[in-house]
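What follows is one chain in structure tokens, specifically the form predicted alone.
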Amino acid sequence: MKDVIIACDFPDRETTLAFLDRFTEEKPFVKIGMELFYAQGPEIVREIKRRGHRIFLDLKLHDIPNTVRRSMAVLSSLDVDMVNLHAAGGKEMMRAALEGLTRKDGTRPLLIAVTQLTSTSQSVMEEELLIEKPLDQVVLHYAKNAADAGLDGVVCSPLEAGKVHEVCGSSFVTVTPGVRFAGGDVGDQVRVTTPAKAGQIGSDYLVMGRPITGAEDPVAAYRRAVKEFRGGTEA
């Protein structure tokens, strides 16, 4: 089922919980990123989980394989539903992450890899990172590496989601930030599209922050995003 993940990029516990309190009928899937996790630590994850929300813990691990393995073992105990790392760390690191994340009973959260950030452009790749291949080719190569390492999916631009499915299969999960309502401010994103278009292209999960959290009525904005994403049409 296609779903919308709300990016709870708030600075503290109080603001986060006050925001979630506005959802009296739904329990939306939420993303806890570096800002909130670094400010509040694991307890905010546990508290939101106790409230009944599914959680994508977005910490983007990228380190030597042994460090990532041990870190993922710690994160696994938080009972989140999805975690991620940077595909740029290579296959050995991704396999180590999978080992660390898997609990003794064989269960684990979904593990996905960041291909290229949606704020990254072709010029940044070439001029700053010295990667001369076309951006979409790099994304697909990273996605294939993640699939080969046994991961469940990738974080990519919605513009690349369909191509990722072509290369890695329909069951390989695409989690896509860089989504804005038609006519909305794109902020610091470069590769963006609308919820409806993302649904048509092949995104499995949308990650939306400011278009929902900054809306006058966040609940209505969330419902609009879900409707457009699943229905493939814009309101």
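The first residue of the sequence shown is number 1, and the count goes up from there. Keep in mind that this is a model prediction, so the values were computed, not measured.
Same protein, other form: the form predicted together with ligand C5P, not shown, and the subject of what follows.
Can you check 204-212, 36-44, 165-173, 64-72 and let me know which stretch has heavy atoms within 4.5 Å of ligand C5P in the model of the complex? Selected stretch: 204-212.
V154: touches ligand C5P in the model of the complex, heavy atom cutoff 4.5 angstroms: So V154 does not count as contacting ligand C5P.
Quick check on R180: any heavy atom within 4.5 Å of ligand C5P in the model of the complex? Taking the distances in the model of the complex, the answer for R180 is yes, it comes within 4.5 Å of ligand C5P.
Residue-level contact is defined here as any heavy atom of the residue lying within 4.5 Å of ligand C5P in the model of the complex; does V4 satisfy this criterion? The answer is no: V4 has no heavy atom within 4.5 Å of ligand C5P.
For the heavy atom contacts within 4.5 Å of ligand C5P in the model of the complex, list the residues of 88-127 involved, in sequence order. If the 4.5 Å heavy-atom criterion is applied to ligand C5P in the model of the complex, 88-127 yields only T118.
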